[in-house]
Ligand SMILES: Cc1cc2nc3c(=O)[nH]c(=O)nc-3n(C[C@H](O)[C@H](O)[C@H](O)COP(=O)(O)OP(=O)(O)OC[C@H]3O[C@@H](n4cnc5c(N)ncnc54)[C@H](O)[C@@H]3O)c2cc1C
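Presented below, as C-alpha cells, is a lone chain in the form predicted on its own.
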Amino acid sequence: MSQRIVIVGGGYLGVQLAKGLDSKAEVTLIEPRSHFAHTPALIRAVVVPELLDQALIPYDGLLKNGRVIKARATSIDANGVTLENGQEVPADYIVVATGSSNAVPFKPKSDSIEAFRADNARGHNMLKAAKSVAIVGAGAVGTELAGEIAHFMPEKDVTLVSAEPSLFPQMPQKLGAELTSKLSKAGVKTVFGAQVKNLESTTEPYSGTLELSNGQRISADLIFPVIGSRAATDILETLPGASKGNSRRIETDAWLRPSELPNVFAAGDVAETGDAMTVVGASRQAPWLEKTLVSLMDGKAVEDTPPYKPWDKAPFLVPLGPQKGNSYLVLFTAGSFLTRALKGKDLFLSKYNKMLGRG
C-alpha cells in the first residue's frame, strides 16, 4: 500500500513537492485558497491588472493521482492533520509549508481570491490616481515595484525609502549599485539609511506624509508599505519542542524537522533553514524533501539520508519592469539582458501555469 503524504500549504514549496510526489505516494495537499497566487507577477499586476488572471492559477489541474482539499488545517499530530471543520486527514508523513504574509496587494490577506481581486483593483486605482508614490522598504518587492511603476507609469513621481545603507547590502556591491543607477535613470528617487518614524500601516497602502529619522518629510498621494514577509507559523508553534528563530520562522533540525515528531517536516518560508524567504529557497528544498521522503518510504532511517544543505549564496533576480534589472547568478552579476530573459519578460508565469496544469 502506498504511503500517505499530507502537505499543508499550496505555495511554491507545496505545489512543487506535491507534483513531484504525485506518482510516488498517496498525496493530499491542504490549501484554503482556490487559486495559487504567483507572487512575482502580483507585483506587476498592481501596475498592469490585466496580468492578474495569469498570476492566479486554480489548483484543479495540479495533481493527476492525489487530491487537493480546499480547507484550513488547524492542528497536527503524529497521525495526521485536523481541519477547521473537524475532519481528520491521516498521514504517514506531513510537510508544513504554510508560507508567509506580506502587505496588500502583493499577497492575498485572506482565503478569498475574490477579496484579493478587489484589493488588487483598489491598489491599481489608487496608483492610477496618484501623482506621487512613496515605497517604504527596499527589499525585492519594494525595489521591483518601483521599477514596474517607473516602466509602465513614467509620469509618476516615485520615491523608494530604505532603512538599509544601500540596496541589498548583503549581496555583492555591484548588484545594488547597478540597480540604484537604473532606478535613478528611470526617475526613481532613493533614500537610504532612514527609518520611517510614523508609518500608519504595515499592511495597507494609504496617503500621507512620512517622517524619516534623518529629518526628511515625504508627502505622497500613495504610500506602499513593503517592509518584509512574516512567516505563517501558527500551526507549527503548538508542536512539542518547536521553537521560533528569526522573522517568526520555526527552527528545524538538519532534516527540516521542527519538533519532536519524527514524521513532520517544515519547509519554505515557515522554516529557519538557512535559506532566505524566496521562491529560489523553496525550489532548492522541494527536490531534497522529495528525495528524502522517497527514501523514508523505502524503509531508510532519516539519519541515514543526507541532511539538507541551504544555498551558500542563492541566485537573486531583480527585474525593474519587463526590460531592465540586475541579477546575482552565483558566479557573476548579470545585467538587463539576462534578467529580462530569465525573469523580467515572463515572471515565470509560463512555468507555474504549466506546473499547475493550465496551458
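It should be emphasised that the depicted structure is a prediction, and the values quoted were computed from it without experimental measurement. Counting begins at 1, following the sequence as shown.
Unshown form predicted together with the ligand; subsequent notes refer to it.
Taking a 4.5 Å heavy atom cutoff to the ligand in the predicted complex, the contact residue among Asn120, Thr278, Ser259, Ser162 is Thr278. In terms of contact with the ligand in the predicted complex, the residue from Leu179, Ala97, Val158, Val136 that brings a heavy atom within 4.5 Å is Ala97. Every residue in the set Gly11, Tyr59 and Arg72 has a non-hydrogen atom no more than 4.5 Å from the ligand in the predicted complex. The ligand in the predicted complex comes within 4.5 Å of a heavy atom belonging to Lys107. In the predicted complex, at least one heavy atom of Ile43 sits within 4.5 Å of the ligand. Put simply, Ile30 is close to the ligand in the predicted complex: some heavy atom of it is within 4.5 Å. Heavy atoms of Val141 reach within 4.5 Å of the ligand in the predicted complex, making it an interface residue. Across the options 278-286, 214-222, 183-191, 196-204, residues that bring heavy atoms within 4.5 Å of the ligand in the predicted complex belong to 278-286.
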